[in-house]
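Single chain ahead, by itself, as structure tokens, in the form predicted alone.
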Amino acid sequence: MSRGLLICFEGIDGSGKSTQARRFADWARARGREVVRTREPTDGPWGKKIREARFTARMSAQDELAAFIADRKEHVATLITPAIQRGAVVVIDRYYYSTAAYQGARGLDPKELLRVNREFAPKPDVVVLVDVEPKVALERISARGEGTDLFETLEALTRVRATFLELAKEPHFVRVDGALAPDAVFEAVLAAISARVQV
């Protein structure tokens, strides 16, 4: 049986990480692997609460963190761990690094957030950071015509990106230039992942 893998895509809002996660999942599936593509926050009750708060009134940093932890514990127990154990490739759009970056931007300690999450959540085999300048990300968000949420300001995204770049110093991270054309970004994604794991 093929070894299960956990491949994580991270980046600020508007970076293009969701597009790249989908493309990689399709690529791995075409190679005959079982692929489980998922995201955080999830569509479960805690995840829905978090998503709704993004456009209405944000929870306090501690309440928001508690909701993310509860959502992730359920996600890990019911989907991520079973899929990895049966040999699937799990492709996740946002994981605990987003919690460290976004809650870190609200004043919490990113290193402590990583420690808390790593007590129960498996460490990814590869984390792909799709990196773009916040101004570029905001232009893309605006072009979607969906409105902006309470995270999506230049100041907030600048702080979040700085934390992501600090996290990306860990050896299982790869950084790709999200300002390139989507096909070029995907080529970089494939090259980076293939250099670290066999899919």
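We number the residues from 1 along the sequence you see. All of these numbers come straight from a predicted model, not from anything done at the bench.
FYI, the form predicted in complex with a small molecule isn't displayed, but the following is about it.
Peer 1: Let me know the one among His172, Arg140, Arg33, Arg51 whose heavy atoms come within 4.5 Å of the small molecule in the predicted bound form, would you?
Peer 2: Contact with the small molecule in the predicted bound form is made by Arg51 alone.
Peer 1: Is it true that His75, Thr81 and Arg86 each have at least one non-hydrogen atom within 4.5 Å of the small molecule in the predicted bound form?
Peer 2: Judged in the predicted bound form, none of His75, Thr81 and Arg86 sits within 4.5 Å of the small molecule.
Peer 1: Since only the chain is shown here, I'm wondering whether Asp131 would be in contact with the small molecule in the predicted bound form (any heavy atom pair within 4.5 Å).
Peer 2: No, no contact at 4.5 Å.
Peer 1: In the predicted bound form, is there a heavy atom of the small molecule that lies within 4.5 Å of any heavy atom of Arg39, even though the partner is absent here?
Peer 2: Heavy-atom contact with the small molecule at 4.5 Å: present for Arg39.
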